[in-house]
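The chain that follows stands alone, in the form predicted on its own, written as structure tokens.
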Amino acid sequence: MSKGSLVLDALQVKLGGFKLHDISLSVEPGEILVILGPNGAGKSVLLETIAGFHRLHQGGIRLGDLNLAQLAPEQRHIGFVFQSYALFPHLDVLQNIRFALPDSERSRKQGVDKANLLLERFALTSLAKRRPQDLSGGEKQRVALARAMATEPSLFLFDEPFAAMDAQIRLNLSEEIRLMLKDAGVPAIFVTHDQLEAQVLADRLGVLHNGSLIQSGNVTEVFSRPANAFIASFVGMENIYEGTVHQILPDGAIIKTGDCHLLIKQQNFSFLLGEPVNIAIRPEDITLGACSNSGHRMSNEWEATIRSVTPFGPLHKVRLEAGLSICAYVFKQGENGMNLIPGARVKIRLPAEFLHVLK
């Protein structure tokens, strides 16, 4: 089977009233593309189309020097891990994995060793003789992942494979899968709605919405410089404000939002004076500190009133009022003498370099 880059060229698919619109992207050997998007965006349809389960209406799909659109699903040599497990109920865990091996390896010592290694890597050794009906949802999905790895395909497709697992197992498996995919050296597309999972796995991200690929780039580009307000909200920029361009500067602008004027540091600022815009900043990029009597005040710095404090793993999620309603994250070890209780006053700063202007 050919090995090489996966290339989608202006792919279009129509399913009832739903349509994938002109999807063009490429995934290099050894690269992991993570597709993010809300329910109904077309993420699963995209994977199923690449796998050959839906007919193309327009465009092309190539893998290396092969035209996949001309091949039946079973001829494409794709490792597909579904949300459902698709395990053989009459086979135990080890047999399910060994069944995926090439015929030449299935009954030989090489195949047995490979299957046992996969059992170990996916923490399944103690479950080797159990059948799928005796496994939890998370255990079944780990078997499905191990089986996909056993096929040594030319392309991997993952459709939210960790959905049935708890948070810590998801994180551990995300790290393990990334290492395995790098070892395999073939293109991989991973669909998820989990932002942490995406950041752990991705070399590159794509955001799908209403059947269209609306942004792609590396993790920093998509999470810190989203293309529009929808993407900003979807990737966790809880602080999004409507405003207008009040003044254009050599290296940014002043944006008026409500009664506040925010300094933005943004090279090649492309908006016009008076133009309506959205401003966004991630909660972790906001700085909080104890109030002081110093008369010196930095740009985008005010006193704010705490409205609520919520434990959020190693963080406090703090909601504040400072002329704008603001959400900030504060590490529990880094409170710097602040009195983080509702009603308390703190100093808040929105660093100009982390504020992002978008449509």
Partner chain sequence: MKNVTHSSTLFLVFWLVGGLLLAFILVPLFGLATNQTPESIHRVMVMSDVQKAIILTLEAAFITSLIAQLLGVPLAYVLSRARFPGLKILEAIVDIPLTIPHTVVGIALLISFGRNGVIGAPVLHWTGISFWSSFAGVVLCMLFVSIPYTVNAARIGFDNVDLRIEKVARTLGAGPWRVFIRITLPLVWRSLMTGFNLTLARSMSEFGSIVILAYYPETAPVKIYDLFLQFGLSDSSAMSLIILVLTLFIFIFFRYFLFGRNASSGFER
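Residue numbers count along the first chain shown, from 1. Note that the coordinates shown come from a computational prediction; the quantities given were computed from them, not determined experimentally.
Note that the form predicted in complex with its partner chain isn't included here; everything after this is about it.
Considering its partner chain in the predicted bound form, the lone stretch of 204-212, 260-268, 242-250, 87-95 in range is 87-95 [heavy atom distance within 4.5 Å]. In summary, among the residues T151, N116, N278, S216, the only one with a non-hydrogen atom within 4.5 Å of its partner chain in the predicted bound form is T151.
Site annotation in the predicted bound form: the residue of G289, P73, G138, G185 reaching within 4.5 Å of its partner chain with a heavy atom is P73. Interface residue remark: F82 is counted as part of the site for its partner chain in the predicted bound form, having a heavy atom within 4.5 Å. A10 falls outside the set of residues with a heavy atom inside 4.5 Å of its partner chain in the predicted bound form.
Not displayed here, its partner chain is kept clear of R62 by more than 4.5 Å at the level of heavy atoms in the predicted bound form. When its partner chain is considered in the predicted bound form, I78 lines it closely, a heavy atom lying within 4.5 Å.
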